[in-house]
Each structure stands twice: as structure tokens, then as C-alpha cells.
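One chain comes next, on its own, written as C-alpha cells: the form predicted alone.
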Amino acid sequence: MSRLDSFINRMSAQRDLLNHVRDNLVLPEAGEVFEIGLGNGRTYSHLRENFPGRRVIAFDRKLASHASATPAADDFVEGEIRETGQAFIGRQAALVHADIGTGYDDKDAITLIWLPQMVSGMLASGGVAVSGLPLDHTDLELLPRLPSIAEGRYFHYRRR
């Protein structure tokens, strides 16, 4: 598969899952939305549009988003996510979206050492995680894959 087709499949899977969460899953009544990996802000924009009653906080190494999708200063956490995200454990987020995979198995293996624990710790009981990387953690229940999403492409979980 070409890199372009792979990117399109990943973005479609991401959108399908986030829309599925919006339309079909019950989130905790209170709680923020965390965007782990702001990038150029496409998904941040989608989260703001689709979860309008919730504060969306984005994390990334540096601010590099499009001007139309740049969080307010209070809603952006800059620095190494592995480190800055630790301060948000226990915040009882309703939804955490993490799209920080690199496509390099060796680099992603390092991320998977800390990401599942951090995401689980950020979520409220009953909260939902959506991730491009598998989040293997005892407190996260893997939810059924949507028919439109290829096996292993994108994942969603409910915090026990």
C-alpha cells in the first residue's frame, strides 16, 4: 500500500472512531478531552467541533498547528508528552485521543512502554480512549473494531 493510501486509511479510521464515540458511546458527564499529539491540529479541530461542551486540551513537543486549529495558551501543553502528560494523570478526562505513532516499530515500542499507563491514568472510569497504537493496560477494555476499520489500524477502549 502506498504511504498516501496508508495515511488516508489512518485518517478515515480516526474520524470513523471519533464519530462513533460521539454518536454511540456514553461518556462520563463531566471531563475534558485530551488530544495527545496536536500536530497540525486537524483532529483537535474535529474534537472541538464534535464535543462542543467539553474543554479540549492538546499536548505536543512544540506548537506547529494551523492557525485555525491552534488551542488557546491555557489549552496547550508543550514539551515531551511522556513527561508533561504525567501532570494530567488523575484529571478524570472523558475522552483521550492519542495519535503519536511513528510507523517505526522500534520507536513505537518505546512509546508503548509509557503511553498505555498514562492514558489509563488520565481517564475517568467509563471514559474512552481512541488510539492509533494498541494500549495494552489492565484498566482499559478493548472495544469491538468497527467494520470500516482494518484490523490493527486504530483502537478504542473503555476505562474500567
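Quick note: we count residues from 1 along the sequence shown, nothing fancier. Bear in mind the structure is a predicted one, so any value in this text is a computation, not a measurement.
Unshown form predicted together with ligand SAM; subsequent notes refer to it.
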Item to complete: Just superimpose the C-alphas near the binding site, carry ligand SAM over as positioned in the model of the complex, and say whether the shown chain is open or blocked by the 2.4 Å backbone or C-beta rule (3+ atoms for blocked).
Response: open
Response to the item:
Exactly one of Arg54, Arg91, Arg42, Lys107 comes within 4.5 Å of ligand SAM in the model of the complex through a heavy atom, and that residue is Arg42
Worksheet entry | Listed residue (Gly37, Gly31, Gly121, Gly132) with a non-hydrogen atom within 4.5 angstroms of ligand SAM in the model of the complex | Gly37
Worksheet entry | Triplet Arg10, Asp60 and Asp99 all within 4.5 Å of ligand SAM in the model of the complex via a heavy atom | yes
Item to complete: Tell me, yes or no, whether Asp74 is in contact with ligand SAM in the model of the complex, where a contact means a heavy atom of each within 4.5 Å.
Response: no
Worksheet, complete the sentence: Checked 66-80 against ligand SAM in the model of the complex; residues with a heavy atom within 4.5 Å, sequence order, are Gly79, Glu80
